[in-house]
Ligand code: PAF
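Taking the form predicted on its own, here's one chain by itself in structure tokens.
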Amino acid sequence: MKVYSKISALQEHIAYLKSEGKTIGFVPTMGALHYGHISLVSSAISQCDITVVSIFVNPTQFNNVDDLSNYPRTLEADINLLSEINCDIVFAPDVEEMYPEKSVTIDLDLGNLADVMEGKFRPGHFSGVVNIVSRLFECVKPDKAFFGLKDFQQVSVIRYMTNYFHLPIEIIACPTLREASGLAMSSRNTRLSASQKEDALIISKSLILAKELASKNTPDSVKNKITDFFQKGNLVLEYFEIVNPVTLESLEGDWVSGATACIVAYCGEVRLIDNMELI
């Protein structure tokens, strides 16, 4: 496995691989890898000749300074893990490499995709996502890029960006992996105590209940029932929304195919995100 920190060296190697007719699969990550990430890498390995994983904690998509400083960084362990599963290339640049002084910021109007849920509660977040993912796509030039559906809204934004710029990249969304308890796998879970992990199960329980309720209730009714249910737990609910899976518009009286419940809550100081298709 090759490890690069410089864009020029990475691009030189990828250009050689492409000249040999190799297909490139790409998994962008912020490190602190868990089995959810590994499932994405495994999907890339199974579908492409060469798999590239980036490890970069992107400062521009954090609107909370403490969240950025507390984000787990485990580069050595991540590299060792990727080596064990036969990843081909790791790209681990520093901030100066990804954002040189003369770098140009993309100002893409995402419309409603960036105004709701994460966009509402984390101003500027998706601008950061668009800029770093487009930058990484430019560096890696993948044929396919793999993203986890745990970050449901992010996948929608990246699809939009890819289509808007007519990038020749297939975006592949992979299912959320969960711990045996039902808690969605996340790098942030490492910051939870055993009792907090138990408390956090109300997130997945709420989603499962919402799916059960969807067959006999309107989206608005489900939302109200889940909000009441959530208050029985120890987490602080930031939002619970039921949205159109394409436009991300909130659903009220009528269901649409693929309607998805999206939830964010705080467990202590740790912000946890999850979602589930209801219909």
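Numbers for residues come from their place in the sequence shown, where the first is 1. Not measured: the values here are computed from a predicted model.
Below, we turn to the form predicted in complex with pantoate (PAF), even though it does not appear here.
Contact with pantoate (PAF) in the predicted complex, judged by any heavy atom within 4.5 Å, is made by just one of 139, 202, 132, 117: 132. Of the candidates 127, 154, 206, 186, 154 is the one whose heavy atoms come within 4.5 Å of pantoate (PAF) in the predicted complex; the others do not. Residue contact with pantoate (PAF) in the predicted complex: residue 28 places a heavy atom within 4.5 Å of it. Here the chain stands alone, but in the predicted complex its contact with pantoate (PAF), taken as any heavy atom within 4.5 Å, falls in 145-153 among 145-153, 90-98, 171-179, 77-85.
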